[in-house]
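Taking the form predicted alone, here's one chain by itself in structure tokens.
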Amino acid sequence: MRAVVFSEYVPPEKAEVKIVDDPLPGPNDVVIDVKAAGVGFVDGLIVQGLYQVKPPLPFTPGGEIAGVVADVGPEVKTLKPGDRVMTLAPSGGFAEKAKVRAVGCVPLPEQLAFEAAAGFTVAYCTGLYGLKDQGNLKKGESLLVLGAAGGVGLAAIDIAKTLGARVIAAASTDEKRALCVAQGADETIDYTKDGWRQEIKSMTDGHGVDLVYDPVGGDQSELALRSLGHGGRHLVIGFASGTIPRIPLNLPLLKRCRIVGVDWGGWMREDPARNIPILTQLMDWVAEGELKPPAGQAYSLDQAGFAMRDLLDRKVVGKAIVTP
């Protein structure tokens, strides 16, 4: 089979596609014919040796996988060849086939295409955990989403609208803002321009927003925090800008607001069973048509390195996926 293989830590655009042996399932494994694999910021860091986890070389990146079960191990009773599934794995998704643990595979509803499923689990589980469990988002409240046209931001818009919130999407281009509106955002702002805080104030009748969903970090975080109303919640999702902001602590004091960390991955790894209700709720909403996960921006296997580079350079609209 063909697979993206890194034999050394190098910039992602130096990715090589090689012919390797097809994987064979262990007793509790399945082999998936990969139809789509999500590309994350972490992938672009890992291949350069810039992440805290450094997999042994050589390795194939890609942890969000959607496809069809091709083979199962002798102890696997819950899956069979031909089943449509998605899963999270430590690596191996940027390939035509991937061996994964059967226990981590989730059946796909027919309403969820492979191209959407490949970017679903991390973005949507983070979104529901963040907005509902950590942010206590209520129907009718206002939400400002930074980096709203990325995969994480679009998921937050989708979930927030399902929960009955009013969504203001912050994105840097007309194309990105149009995508946010198509996903359900009520209003948009260009947060690369001066004065966008005044727009937020005007949109909220001077009160400020109830929540901020912040996967960006950098200079925009403090401005977004200043846009919160009294008693608001600023949800820290990540730092796609590459810069961890330094927040003056007088702001949460004066605004009587909260800064809340949303580390869904760490929370889930402590006890994976806790995520079952979240994933079940999301799958129910997909089946009922309440959620409409968008298909990602597709790259071929040969373009996987450029997909990681484009994501790091914030050139991707929506979620980047590799389609072997």
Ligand SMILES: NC(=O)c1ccc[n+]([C@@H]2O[C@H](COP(=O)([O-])OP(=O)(O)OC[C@H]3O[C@@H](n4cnc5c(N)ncnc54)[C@H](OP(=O)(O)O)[C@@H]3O)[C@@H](O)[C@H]2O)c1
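Quick note: we count residues from 1 along the sequence shown, nothing fancier. Computed from a predicted model, the values in this text were never measured in an experiment.
Another form, the form predicted together with the named molecule, is not on view; read the next lines as being about it.
The stretch that touches the named molecule in the predicted complex, counting heavy atoms within 4.5 Å, is 36-44, out of 277-285, 53-61, 290-298, 36-44. Only one of the listed residues (91, 204, 136, 172) places a non-hydrogen atom within 4.5 angstroms of the named molecule in the predicted complex, and that residue is 172. Although the partner is absent here, residue 69 is not a contact residue: none of its heavy atoms lies within 4.5 angstroms of the named molecule in the predicted complex.
Residue 318 belongs to the set of residues with a heavy atom inside 4.5 Å of the named molecule in the predicted complex. Contact annotation for residue 126: at least one heavy atom lies within 4.5 Å of the named molecule in the predicted complex.
The named molecule is not shown here, and in the predicted complex it never comes within 4.5 Å of any heavy atom of residue 26.
In sequence order, 122, 126, 147, 149, 150, 151, 152, 153 are the residues of 116-155 having a heavy atom within 4.5 Å of the named molecule in the predicted complex; the partner itself is omitted from this view.
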